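Taking the form predicted alone, here's one chain by itself in structure tokens.
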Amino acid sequence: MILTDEEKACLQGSHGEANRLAVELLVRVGEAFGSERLIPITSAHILGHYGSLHQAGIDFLERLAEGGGQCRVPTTVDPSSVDFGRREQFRVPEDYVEKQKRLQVAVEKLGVIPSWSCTPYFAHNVPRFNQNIAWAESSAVAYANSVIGARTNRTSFGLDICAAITGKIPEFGLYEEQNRKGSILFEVELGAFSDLDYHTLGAIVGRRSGSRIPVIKGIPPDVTNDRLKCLGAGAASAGSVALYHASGITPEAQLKDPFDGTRPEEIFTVSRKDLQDMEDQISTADPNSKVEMVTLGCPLLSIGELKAVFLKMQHRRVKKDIFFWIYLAQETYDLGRALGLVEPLEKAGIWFSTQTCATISSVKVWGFSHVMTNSAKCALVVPSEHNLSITYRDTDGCILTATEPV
């Protein structure tokens, strides 16, 4: 790789051990992918949850912090494995809390904004079109690339914090224009779309695309950002989609032909039957078994999604023999309280959790065997993480299962 004088000095240890280690890792990864240089980034989003990083992650982040590492660009962090303010309510084991606390101390010492959110683009970390960023978290990567038109690969742990410390990332993959064109076309023929349809469509797109870049034709022009968020989360979880183009909607698909004058490798028509088939595949639970917990908020709920739940919950309360958990970012919870949305829902029996999410928190300590969710990402990830079965339904179905009229 061609390095600047500053980058060479970092490799020689002139700017401290953390910078030396960070540049060394970036260069080695860049060389492995054939990158010729490191390029500047404007922001980073890193992983910091014990449920995925374990002791090795603690050791690495603490080593960087002890070596004097400091983020050079605005950097946020993905949800924690622990809701720090509600750990007793959610029965989080004390040793688990202590491990997550070590990660918390390390990332804050490194200068990371303690957002603990998988939706950093809603607050704290909002990139602009065409900016190079270095983000972890598959759903956030899909949103940043697709909906905003920023540029990032699915940045792995280790590479993410090294990019934050140096303000650089190797130039390869989705940072290069020629690698951002579509290769597979999905022609969607559904008529009206429901919220659940976007989750399910994402799962279909992800499974059929793999790591290829899909182009989706037929999404209504009035689609909301929340729905695009859910589509990307499903695609990133069912496959390894980091960028999708929605014809006439996402920015790069508006500026030019997303196939750049070439023909798609494959064309799929997506019908209502395809969505129903995918819903049936995602639901793994015995329909005759009892739902023990209902969860919403994967990705974390926005204030608009929270308000929709509030309206659907009028004159209803959570049943005594079931748990109903909603995950959201701390700023969304605080805003919800200010708007009068949260307190009535808490009084109705809903448990809110901030700073964490269903896929990485210690759900397994509850011993649930059957969980219901409206999220394709949650439905695809949680069974393997927590050894349980899933019923996949829309928000109305989740609320009707978890609650009863007052």
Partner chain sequence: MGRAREVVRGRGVTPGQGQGKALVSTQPFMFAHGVEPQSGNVIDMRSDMLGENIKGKVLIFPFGKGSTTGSAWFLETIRQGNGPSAVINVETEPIIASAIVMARFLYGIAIPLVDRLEKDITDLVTEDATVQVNGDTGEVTIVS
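In this text, all values refer to a predicted model and were calculated from it rather than measured experimentally. Numbering follows the first chain given and starts at 1.
Unshown form predicted together with the partner chain; subsequent notes refer to it.
K.L.:
Any idea which of 367-375, 343-351, 25-33, 66-74 reaches within 4.5 Å of the partner chain in the predicted bound form, heavy atoms considered?
P.N.:
It is the stretch 25-33.
K.L.:
Can you pick out, from Arg180, Arg208, His124, Arg154, the residue that has a heavy atom within 4.5 Å of the partner chain in the predicted bound form?
P.N.:
Of the candidates Arg180, Arg208, His124, Arg154, Arg154 is the one lying within 4.5 Å of the partner chain in the predicted bound form.
K.L.:
Only one of Trp325, Phe172, Phe193, Phe268 has a non-hydrogen atom within 4.5 angstroms of the partner chain in the predicted bound form; which is it?
P.N.:
Going through each option in turn, the one that passes is Phe172.
K.L.:
Does any heavy atom of His54 come within 4.5 Å of a heavy atom of the partner chain in the predicted bound form?
P.N.:
Although the partner chain is absent here, His54 would touch it in the predicted bound form, with heavy atoms inside 4.5 Å.
K.L.:
Applying a 4.5 Å heavy atom distance criterion, does Glu305 contact the partner chain in the predicted bound form?
P.N.:
Close contact is absent here: in the predicted bound form, Glu305 is far from the partner chain, nothing within 4.5 Å, heavy atoms only.
K.L.:
Examine Leu47 and determine whether its closest non-hydrogen atom to the partner chain in the predicted bound form is within 4.5 angstroms.
P.N.:
Close contact exists here: in the predicted bound form, Leu47 approaches the partner chain to within 4.5 Å, heavy atoms only.
K.L.:
Any of the heavy atoms of Gly167 lying within 4.5 Å of the partner chain in the predicted bound form?
P.N.:
Residue-level check for Gly167: no, no contact with the partner chain.
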